[in-house]
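In the block that follows, a single chain appears as structure tokens, in the form predicted alone.
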């Protein structure tokens, strides 16, 4: 009889866990309360923290970065099934950011412009668009001065080319403007406008735009085909349409794989039968509605870390009211009740000696090779296993790299293990 698996969380880690468990024949139910960190991602697909990759690229040179380490086959299969990312098998990519920097990454949302794929040399055009946060002239100057851009021998140039059709599009959100380019007629109009701008110059290698190229998949590729040159977005921070494109691809993957999705908040995970240290551990997952619960042979916690809301910062002072806290306590807690312990990679978290929690001004930032406390806090695991039949994935695991590909890899492994052995 197929094992039943419940995955809690629908970000990258949860999606990979559900896909991995379903691929091993398990009945999978995914429970999610809504958007997490993955929905707000900018579109860079990293295997290691991007600052680490940037330092290595500066130290080793451009060519050393271009030949990136090979990824496991199972991870590439998941990336291919999801369909929203481009992760070249043997190289990394370079992305232009809205901050005027060029930064390396292992992969990208397919709508982002990959500067590495352009070859060496050429002009990248940035249309002038009257929108907050987009200054084509200033951005072109900043990108042109970046060391990576100089190594790639790319020139960035602001040009006049209509991108907005209506006056109110100067003020709509990036996501709203991106959604308008899901309309084939609107995309064709933009293609004609950009093609005219490209035809006026020589040596043009690509066109760089803001985060406006659709919420559906493949719009940037279709636009590039209309223009006759690569066209893509610049990388921005939280709130990029890339997060919405991930959700579109995720939902399609769930539908194709027969994965049941329940949009509810989980209150608690408990052992409903058997023994948490051996035998068959059947878990009861309590939902936010009174008396609503689910049961499964195994559970994967893919709830995210502090940034995704899966771990909550809750020092004793938060409940003090007008008086001093009654005593110290562990300053972090999981967003749901579960038979796990939180740690920071150096051991289990203990109650702080201060009634006001840890000294975040000294531990909240990375130092040397050590993660910041806020990044490191998560479920204590042996690999991905938190207890018999209970697994963690992605940012929910203590002291694992907070990257997209790390979330996908640990999610897939957790799903496979939950489906296979518990």
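Remember, predicted model here, so these are calculated numbers, not experimental data. Residue numbers count along the first chain shown, from 1.
Another form, the form predicted together with a small molecule, is not on view; read the next lines as being about it.
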**Message:** Can you tell me whether residue 36 touches the small molecule? I mean in the predicted bound form, with a 4.5 angstroms heavy atom cut-off.
**Reply:** yes
**Message:** Does any part of residue 336 reach within 4.5 Å of the small molecule in the predicted bound form? Heavy atoms only, please.
**Reply:** yes
**Prompt:** Is residue 310 a contact residue for the small molecule in the predicted bound form, using a 4.5 Å heavy atom cut-off?
**Reply:** yes
**Asked** So, in the predicted bound form, is residue 12 in contact with the small molecule at a 4.5 angstroms heavy atom limit?
**Response** yes
**Request:** Choose one stretch from 119 to 127, 147 to 155, 297 to 305, 197 to 205: the one whose residues place a heavy atom within 4.5 angstroms of the small molecule in the predicted bound form.
**Result:** 297 to 305
**Asked** Exactly one of 381, 57, 390, 44 has a non-hydrogen atom within 4.5 Å of the small molecule in the predicted bound form; which residue is it?
**Response** 44
**Request:** Check each of 76, 238, 292, 351 and return the one that places a heavy atom within 4.5 angstroms of the small molecule in the predicted bound form.
**Result:** 238
